[in-house]
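Only one chain is shown below, in structure tokens, and it's the form predicted on its own.
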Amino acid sequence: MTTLDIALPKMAVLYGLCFVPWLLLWLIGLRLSRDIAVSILRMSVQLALVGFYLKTLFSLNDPWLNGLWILVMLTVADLSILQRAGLKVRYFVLPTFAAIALGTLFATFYLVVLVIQPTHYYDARYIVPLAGMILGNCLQGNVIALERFYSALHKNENEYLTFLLLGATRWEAVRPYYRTAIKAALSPTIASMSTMGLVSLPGMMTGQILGGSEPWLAVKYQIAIMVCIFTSTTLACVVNLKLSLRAAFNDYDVLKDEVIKTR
């Protein structure tokens, strides 16, 4: 069984669907036409370029090219996380990169090498899309973790300083905000896992079924990717916040004014 192709004229029909949300937003007074058009155009161009690149990547299946592509994904994710979290790149770029690389690569290689076990562990067909799915979810979790943690510290700075004056260490003073941020970062993944299959059919499973895979095989892969997403997100968020503390505070354990963009 093969997946039906979507011809270019049908793609044009598909883009027509975007007029529905555009019209609704226009009727309620939100003038987002330019933002919507730019987003759709960027998505289409970027995915088209990635499609051509991945076709070449899969054909060559070279471990160095595969590794280079994953490095590019990690770098883009790193910068995107800090931008969306409202933090200065020069302070957090290395801690965040180290954390998401650790979480993503650990979960990806665990899944590919120990669970799936393809002929070549660097097989682009497995390692690239799996790493991309894991990293994409890891990105969302880290944005939430960093934004919640440093927003809470900024908002409750007097409370934090009071803890220090009472004799608490920096770690003891930030731990309540740390726990809250980690919980917020993991809540979407936990909620998704608890309702998966009942509320929605997830993307990877749906894609495999449309591609002709047996439903039970698609289920097993979906379970595997969700376990890896949960593991990588938890690992990356915990390590990221911990590593970021050294860059965010001065020698007197006071949060630096310049690390937060919106401050």
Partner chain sequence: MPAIIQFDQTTVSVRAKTILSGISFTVCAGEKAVLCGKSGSGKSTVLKTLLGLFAVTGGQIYFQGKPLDATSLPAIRSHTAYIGQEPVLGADTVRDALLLPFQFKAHRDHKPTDAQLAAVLAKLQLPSALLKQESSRISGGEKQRIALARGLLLGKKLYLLDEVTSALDNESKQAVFDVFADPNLTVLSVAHDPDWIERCDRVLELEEGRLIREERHDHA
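Positions refer to the first chain, counted from 1. Fair warning: this is a prediction, and the values are worked out from it, not measured in the lab.
There is another form of this protein, the form predicted in complex with the partner chain, and it is not shown here; the text below is about that form.
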Since the chain is shown here on its own, which stretch among 132-140, 118-126, 105-113, 165-173 would lie within 4.5 Å of the partner chain in the predicted bound form, judged by heavy atoms? 165-173
Val254, heavy atom within 4.5 angstroms of the partner chain in the predicted bound form: yes
Although the partner isn't part of this model, could you tell me whether Leu161 comes within 4.5 Å of the partner chain in the predicted bound form, counting any heavy atom of the residue? yes
